[in-house]
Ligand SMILES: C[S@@+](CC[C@H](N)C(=O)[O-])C[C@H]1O[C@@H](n2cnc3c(N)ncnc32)[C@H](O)[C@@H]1O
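Read the single chain below, which is given as structure tokens and is the form predicted alone.
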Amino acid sequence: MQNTSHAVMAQRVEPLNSPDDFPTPPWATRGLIEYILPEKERLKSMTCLEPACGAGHMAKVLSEYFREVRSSDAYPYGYSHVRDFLTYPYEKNGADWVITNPPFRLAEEFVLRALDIARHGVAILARTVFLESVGRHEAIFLLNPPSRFAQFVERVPMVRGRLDAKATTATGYAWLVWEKKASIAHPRLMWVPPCRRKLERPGDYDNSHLVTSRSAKAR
């Protein structure tokens, strides 16, 4: 018998004109900084660009760690600048890091664009199946493999248009990191350990209903 529970059947498949608004739980962004990125203490002197910021859930967390975080999105969420990352004339090497949860259907293009903009590195949060695809292998992984592939051992629940502390999912997510100055022949396989309970903060899910209304207006 087919299992049709919400957790198993949930899929991040959106129409081509969709903003693909699936906010990142703050603890998942903290997991990148706390367990995956090298030399965390140096980030306080660095800049970061978050180019698919939505209502700012990831950008706000990144501001806890970076000296400066610039953010934007192709859709008007009321948080930051409205800019299409793939067409806006960002300066080459204009930010130390580019970190984002890109629209899944545009993730390949986001990586290639980000590698041109970032001085030190790029990190994207993507479904684990992003590793699949002949096209991505030829466009990215063959010549520019990530230096770190960090799989979440806990599920990272994402819900369209809002944060939801009680959401569940059967979809696996991972952080893919490109360190531009690293000389790495093979990606380092890592895991983001169980950390949700440790890294959640009071207020992380406050006003999440406001995000829903903004997303609806954007669509």
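Fair warning: this is a prediction, and the values are worked out from it, not measured in the lab. Residue positions are given as counts along the sequence shown, with the first one as 1.
Below, we refer to the form predicted in complex with the named molecule, which is not included among the displayed structures.
Of the candidates Ala52, Val61, Leu32, Leu49, Ala52 is the one whose heavy atoms come within 4.5 Å of the named molecule in the predicted bound form; the others do not. In the predicted bound form, at least one heavy atom of Tyr77 sits within 4.5 Å of a heavy atom of the named molecule. Although the partner is absent from this view, Arg83 contacts the named molecule in the predicted bound form, with a non-hydrogen atom inside 4.5 angstroms. Put simply, Leu106 is close to the named molecule in the predicted bound form: some heavy atom of it is within 4.5 Å. The named molecule is not drawn, but in the predicted bound form it has a heavy atom within 4.5 Å of Pro102. Shown alone, this chain has one stretch from 115 to 123, 131 to 139, 145 to 153, 84 to 92 that lies within 4.5 Å of the named molecule in the predicted bound form by heavy atoms: 84 to 92.
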